[in-house]
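Starting off, we have a lone chain in the form predicted on its own, written out as structure tokens.
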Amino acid sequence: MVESAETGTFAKAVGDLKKLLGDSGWKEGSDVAMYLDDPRGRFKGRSNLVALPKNVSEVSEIVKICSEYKLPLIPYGGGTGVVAGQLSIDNSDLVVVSLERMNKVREISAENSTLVAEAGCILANLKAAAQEKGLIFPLGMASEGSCRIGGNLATNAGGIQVLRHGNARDLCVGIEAVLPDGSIFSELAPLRKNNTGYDLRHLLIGSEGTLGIITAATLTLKPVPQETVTLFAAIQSPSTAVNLLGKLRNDLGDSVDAIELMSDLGIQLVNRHLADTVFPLGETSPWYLLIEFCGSTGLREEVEQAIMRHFESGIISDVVIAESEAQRLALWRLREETPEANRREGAICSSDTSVPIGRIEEFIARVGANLEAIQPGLRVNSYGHIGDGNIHHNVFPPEGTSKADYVEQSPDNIEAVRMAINEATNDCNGSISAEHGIGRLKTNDLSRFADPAKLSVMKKIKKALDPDNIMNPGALFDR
């Protein structure tokens, strides 16, 4: 048990850490406030010290000191996580280990189509480095200007290009990490085949810092597409969207790079709350798709021919194809500003779950019915990544009621809404976390909905690798 921050074991550990890191390698007091914020304002983190290592050797020594004193630590990337995985909510006597100074791109290999980046490298900077070499790193998300690749891997981040390129896990071929005893695991060689037993890379990816601290990774790069085609189409239902996706993949193969489902309510909210957004079609529709295709020269003509066939058959009721990069960005803004519009409208719940693609329409209907049973008049903006079944539901109070008033008047409904979405997810054979992880927000959900055998094995692995539970305690598992 760690003693108080003023005396005893914690103070001794802090003294050792400060000596190791030097004056520029740590923060305390009011300087740690920025590391304790939750992006959605639901939690407030606690910590008396933030360590700022500059290389993997310092991370190793930090972990060794924490292991010696049995002092808890939390790895910290860009702070963009929304399930409190990077925040200690109930204990200040721990160390936040921020990787922000480990932000270099160590190597880019055109021959291997790989890039080696340190964990603190901001995703947008990493992507820019790849583009300078005529390649792309196809992991795209709204937070890419601030999230860091170590956090992306620790949570197995998804995003808009999962359909074609996979999650963060699928884009990583090598990893470097510090394990709970302070040892350094380094397997950064750009190997496509490495069949030498347990794959520790995949064990660490998605573990949310509970098994070690990812310090660097070897990432897969892809060629820059010669042509990109972006369109916005009106459709009648989510099942129409799934049907159209299947037809487009038959028509155009894997050139479907992203396909995003949006509701009419969602578009209304973006246009209501965000300036300079424009609805691009002549008439409204219950649902819309934002689709982007990437491929070789001549792709636009193939896309136009396919879309015309599906327009004439009635699957698509209206469509606009971007004629310039400015128009493309304007279409994408309707999707990328959706989370901010949801926040401004006063969402009382923002979900992140996934279901099999063939059950998306059933899933959306079940959520609607469950919410109606809680309280008639609740509004829901359902939208997301149709190609991987990751549909987000943002729920709002009835029209005319503010979020603050609703929370005060019906506080129990907030958790009821969240669980109603989880129940609908489970009923559709889905996952209660699609791309954001478990963190501390969903530990009880994981205990309730996870396969018992899987949960048992996960806990045994955690106990075997981290017997003193110093690595991000409280994340993933309820106490």
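The structure displayed is predicted, hence computed values, not measured ones. So that there is no doubt, residue numbering starts at 1 and follows the sequence shown.
If you look for the form predicted in complex with a small molecule, you will not find it shown, but the lines that follow are about it.
- Contact with the small molecule in the predicted bound form, judged as any non-hydrogen atom within 4.5 angstroms, is confined among 127-135, 83-91, 296-304, 246-254 to 83-91.
- Taken together, the three residues Tyr76, Ser143 and Ala154 all lie with some non-hydrogen atom within 4.5 angstroms of the small molecule in the predicted bound form.
- For the options Leu219, Val229, Ala119, Val355, the one in contact with the small molecule in the predicted bound form, meaning a heavy atom within 4.5 Å, is Ala119.
- When the small molecule is considered in the predicted bound form, Cys147 lines it closely, a heavy atom lying within 4.5 Å.
- In the predicted bound form, the small molecule lies farther than 4.5 Å from every heavy atom of Lys442.
- Among heavy atoms of Gly158, some come within 4.5 Å of the small molecule in the predicted bound form.
- Remark: Glu292 does not count among the residues lining the small molecule in the predicted bound form, judged by a heavy atom distance of 4.5 Å or less.
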